[in-house]
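In structure tokens, the next block holds one chain alone, the form predicted on its own.
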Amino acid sequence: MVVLAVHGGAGGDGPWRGMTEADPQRLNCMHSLLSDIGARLESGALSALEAVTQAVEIMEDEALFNAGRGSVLDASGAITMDASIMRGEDQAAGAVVGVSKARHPIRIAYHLLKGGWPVMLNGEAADAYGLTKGLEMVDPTWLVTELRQAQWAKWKANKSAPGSTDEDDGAVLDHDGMGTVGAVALDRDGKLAAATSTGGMTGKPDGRIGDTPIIGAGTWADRNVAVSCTGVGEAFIRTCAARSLAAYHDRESLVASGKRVLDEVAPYGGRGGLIAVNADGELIVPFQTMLMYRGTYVNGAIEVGIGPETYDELSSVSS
């Protein structure tokens, strides 16, 4: 049995209001990568580790997600990106914080994992390490999109709290979600992996680090379960959310474990969601927000969704 699941961020309040004009592009991105990478995962051409890396790379290239190109702007109007990855069989991990030139931050994290030491690199040193591995570097201005510039301008004009405009980009669409992207996979050999990447939150202060690059908070994989989280990072850090799910799953169902984790982050302002798959191929995609962009590949069957249900209107996107 093989499983691949991805998310493109969770966010929003109130009832699900239906798709916006920008949502088909996000859904098409997820459906396309699930079809391609899922088939190669099922054939044995890809391991779980490579599958989650490639899935996140594709979403880093989709400018409507908050990772790679299209990342949100920090307080100074610049982009800094975080990413992490973990291999379940031996709990090897890699993470980067505050990179600003890498087209694919997740691939730097992948090389750190493969290298074995160190686990995490920061800022210019992380970008430089990626360059030694032959990875593509870009001018930081290439990462910036008009959508993110508009969000930042509104945030600055209103003197808003960090992240407050991430779901309020009405010039282009009426919802956006938190935008962090992630993937989890189970391959033919029963091995698991997880990866997560983000641009953080609009207006974040210089040096702010969320849960995405922190192993055990935003990302976790061991021999039993792989997890990628999305939401308000500080709460996921304070509850060690991803690792907590794995610990709970040692004694209760995957569904119960996912619910427990989201219940724990909620009191700390950590509304969000997660995706997780276990070694038996069980999969969950719970969220406590208005929406979570998500997609799954399970033995050849693909589903994509945004709101609380899978709507008929999505079928035209994925056909």
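One rule holds for the numbers: they count along the sequence shown, beginning at 1. Just so it is clear, the model here is predicted, and its values are computed rather than measured.
Keep in mind the form predicted together with another copy of the chain is missing from the figure; the text below concerns it.
Remark: all three candidate residues (Asn122, Gly216 and Glu234) come within 4.5 Å of another copy of the chain in the model of the complex, counting heavy atoms only. Of the candidate stretches 140-148, 67-75, 191-199, 84-92, only 84-92 has residues with heavy atoms within 4.5 Å of another copy of the chain in the model of the complex. Interface residue remark: Asp250 is counted as part of the site for another copy of the chain in the model of the complex, having a heavy atom within 4.5 Å. At the 4.5 Å threshold, heavy atoms of Gly134 stay clear of another copy of the chain in the model of the complex, well away from it. Heavy atoms of Arg238 reach within 4.5 Å of another copy of the chain in the model of the complex, making it an interface residue. Taking non-hydrogen atoms only, Ile209 approaches another copy of the chain to within 4.5 angstroms in the model of the complex.
Among the residues His111, Arg103, Arg243, Lys156, the one placing a heavy atom within 4.5 Å of another copy of the chain in the model of the complex is Arg243.
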